[in-house]
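Before any questions on binding or motion, here is one chain by itself as structure tokens, the form predicted alone.
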Amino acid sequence: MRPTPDQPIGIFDSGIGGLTVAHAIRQRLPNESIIYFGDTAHLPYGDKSEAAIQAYSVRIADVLLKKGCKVIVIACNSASSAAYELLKEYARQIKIINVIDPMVHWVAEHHKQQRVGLIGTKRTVQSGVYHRKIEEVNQGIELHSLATPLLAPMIEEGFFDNTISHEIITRYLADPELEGIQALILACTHYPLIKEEISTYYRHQMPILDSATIVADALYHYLAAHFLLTRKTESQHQFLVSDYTESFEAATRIFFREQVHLEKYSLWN
């Protein structure tokens, strides 16, 4: 069946980092209802095999489809790389949006012939997915990627905007691989929380490309072009996790920037 405007938007991630994307979508589309699924039982996806990530992603997509979502946003770079093509086939009736393609399109349009840096998890960097997709658009972009594995756990533990985070961020950004870049891609959905610190390192002279806001814009334009913007004036949100702990619920305040209630939903019911 064709999706309708008043159905919710589905968003999923390996954990709670994708709530930065959910927050950006909420800011961009305040009337839209959101169903968020955090696969906290299997996080992080960065050290899982491609087959495992695909299996988890299909299960989650099935949950979101059964809940009537009109579009699904993969708010995770690892799942976007490993499972996007599979989910497009599995959920043909609705649009699947990943966090990689909107960023690549943005860079291709706004940073032609430039030296662009990228920081992300080991899996994202080692997959080479951004390199391949940017080469495909053929805009003379020179991409320089650096794995920054300490940043996501640092953020999850609440260490940002302090002396510890400043030191770790400085060590990474001073790496020779990022020397001379003209823009920096944040290729992890945790990183919007340290965007200001990163911008400060560059004295606010460097474009810092935040996948959360770029994905939210891409989603808005898709819904508008396909007449799927909601007609409702009030939104309702639901937050599901495959494993529940109090620490997960406490951390959601950091990523979504407001208190939410998490509901446990086992993927293997």
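Note that residue numbering follows the sequence shown and begins at 1. In this text, all values refer to a predicted model and were calculated from it rather than measured experimentally. The term rigid core refers to the maximal set of C-alpha atoms that superpose within 1.5 Å between the two forms.
Separately, the form predicted together with a small molecule exists; it is not shown, and the next lines address it.
Participant: Look up in the predicted complex whether residue 111 has a non-hydrogen atom within 4.5 angstroms of the small molecule, and give yes or no.
Facilitator: Residue 111: no contact with the small molecule in the predicted complex.
Participant: With the partner left out of view, is residue 207 within 4.5 angstroms of the small molecule in the predicted complex by any non-hydrogen atom?
Facilitator: Because no heavy atom of residue 207 falls inside 4.5 Å of the small molecule in the predicted complex, the answer is no.
Participant: So, in the predicted complex, is residue 252 in contact with the small molecule at a 4.5 angstroms heavy atom limit?
Facilitator: No.
Participant: Does residue 188 reach the small molecule in the predicted complex if we count a contact as any heavy atom within 4.5 Å?
Facilitator: So residue 188 counts as contacting the small molecule.
Participant: So, 35, 40 and 242: all three within 4.5 Å of the small molecule in the predicted complex by heavy atoms, or not?
Facilitator: None of them does, since no heavy atom lies within 4.5 Å of the partner.
Participant: In the predicted complex, which of the listed residues (134, 152, 147, 91) lies with a heavy atom within 4.5 Å of the small molecule?
Facilitator: None of the other options qualify; the answer is 152.
Participant: Determine which one of 162-170, 75-83, 102-110, 138-146 lies within 4.5 Å of the small molecule in the predicted complex, judging by heavy atom distances; exactly one does.
Facilitator: Heavy atoms within 4.5 Å of the small molecule in the predicted complex occur in 75-83.
Participant: With both forms fit on the core, has residue 137 moved 2 Å or more by CA between this form and the one not shown?
Facilitator: False for residue 137: its C-alpha shift is below 2 Å.
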